[in-house]
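A single chain comes next, written as structure tokens; it is the form predicted on its own.
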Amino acid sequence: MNHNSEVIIMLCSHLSSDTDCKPLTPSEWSGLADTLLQADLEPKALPDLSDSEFLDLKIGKEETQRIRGLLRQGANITFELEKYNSMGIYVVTRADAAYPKMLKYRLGKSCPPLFYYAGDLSLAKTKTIGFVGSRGADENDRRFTEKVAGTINKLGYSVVSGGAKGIDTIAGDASLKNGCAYIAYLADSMVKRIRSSDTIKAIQNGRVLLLSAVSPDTSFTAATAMMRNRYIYAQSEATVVVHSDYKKGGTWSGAADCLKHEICPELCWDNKDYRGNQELIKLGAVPITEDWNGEVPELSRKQEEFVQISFFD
């Protein structure tokens, strides 16, 4: 781990038990990173800056004290990292070359400063198709998901999803059954997930990668689930919406957000019985059926219009 990454973890992780120093949010970190870049500095310089140098950077006294307090938590964080490392959970930051580049490319400043991960991080470089949909998937949803997963697997794509029950898990299991990889962006409880014998085996075989922007013991919240949805779309060459309610639930919100910001091409099962699906198609999602041949449409905006940002990569 490089020195820049060490500083980012101290500033942005929630690994320390010291609740008096609130870690930087992704947007706060992006603002600080911009400030450092404009001054031709890297994060590793922060521990050695004087009060006057912080003022030169237009960082106020209160924020300076907060940054220094976070940097003093290094020993506590090291202990927590070692605990997670022993479980097979590691950290990658935006200062590491291995950080998922599609997220930087498509989300820019809104991508998180770090991810916790378990599995082969190089899987994040593979071509993937995302799958999103209802947790309460029925047999028709299962058949459609498995058929489409088989199509994209034959074309060399792996599956990326949110790792939840229902469509996410059906798509991931199908990809593994077809001999391909599965990437899951989790919204909570990575520690619980890696206790599964099937997950452990798949990780050991180099076919599963779990990532989470929240600490490995964090419980589920709607807010983290919403942000997780963006990571799925950003990782994907295209994302398939299998089943969405209309104007409610995480699947609808994530799909509508993707269409609004054109994060990736969005495909939607043209199921006439699913009003949410039909409304997403009206908003611009590309309708597909079980006979879809795997062709991925292009976005209306060109690739160079995506925001690229490295932040010390």
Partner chain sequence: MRSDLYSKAIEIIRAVYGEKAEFREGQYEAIESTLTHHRSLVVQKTGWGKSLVYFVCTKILRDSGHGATFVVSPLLALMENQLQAAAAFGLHSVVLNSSTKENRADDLEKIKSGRCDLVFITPETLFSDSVRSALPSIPIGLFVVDEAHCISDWGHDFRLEYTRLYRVIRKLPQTVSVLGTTATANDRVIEDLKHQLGENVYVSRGSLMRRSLSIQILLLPTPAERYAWMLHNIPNLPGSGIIYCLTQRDCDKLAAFLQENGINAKAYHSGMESAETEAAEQALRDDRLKVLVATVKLGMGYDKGNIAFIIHYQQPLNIVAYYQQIGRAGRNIERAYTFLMCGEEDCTIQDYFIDTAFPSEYEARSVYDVIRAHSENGISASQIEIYVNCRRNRVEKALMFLRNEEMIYKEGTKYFPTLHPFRYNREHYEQIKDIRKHEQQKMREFIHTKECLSRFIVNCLDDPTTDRCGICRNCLGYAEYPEHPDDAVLQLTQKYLERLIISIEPRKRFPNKEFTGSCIIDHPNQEGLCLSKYGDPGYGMMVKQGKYGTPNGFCEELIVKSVSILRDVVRKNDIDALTCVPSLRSSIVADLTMALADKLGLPFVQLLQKQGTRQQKDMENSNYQCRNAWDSFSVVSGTSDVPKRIILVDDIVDSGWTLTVCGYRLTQSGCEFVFPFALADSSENRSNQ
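Numbering follows the first chain given and starts at 1. A quick note: this is a predicted structure, and the numbers were derived from the prediction, not measured.
From this point on, the text means the form predicted together with the partner chain, which you will not see here.
K.L.:
State yes only if every one of K101, M226 and Y246 has a non-hydrogen atom within 4.5 Å of the partner chain in the model of the complex; otherwise state no.
P.N.:
The answer is no: none of the three residues contacts the partner (heavy atom, 4.5 Å cut-off).
K.L.:
Exactly one of D273, D48, D40, E62 has a non-hydrogen atom within 4.5 Å of the partner chain in the model of the complex; which residue is it?
P.N.:
Selected residue: D48.
K.L.:
Could you tell me which one of K125, R72, K154, R143 places a heavy atom within 4.5 Å of the partner chain in the model of the complex?
P.N.:
Exactly one listed residue reaches within 4.5 Å, namely R72.
K.L.:
Name the stretch, out of 108-116, 160-168, 189-197, 235-243, where some heavy atom lies within 4.5 Å of the partner chain in the model of the complex.
P.N.:
Of the options, only 189-197 has residues within 4.5 Å of the partner.
K.L.:
Is there a heavy atom of I203 no more than 4.5 Å from a heavy atom of the partner chain in the model of the complex?
P.N.:
Yes.
K.L.:
Verify the contact flag for K83: yes if a non-hydrogen atom of it lies within 4.5 Å of a non-hydrogen atom of the partner chain in the model of the complex, no if not.
P.N.:
Residue-level check for K83: yes, a contact with the partner chain.
K.L.:
Is there any non-hydrogen atom of F79 lying within 4.5 Å of the partner chain in the model of the complex?
P.N.:
F79 belongs to the contact set for the partner chain.
K.L.:
Can any non-hydrogen atom of G136 be found within 4.5 angstroms of the partner chain in the model of the complex?
P.N.:
Contact with the partner chain, no.
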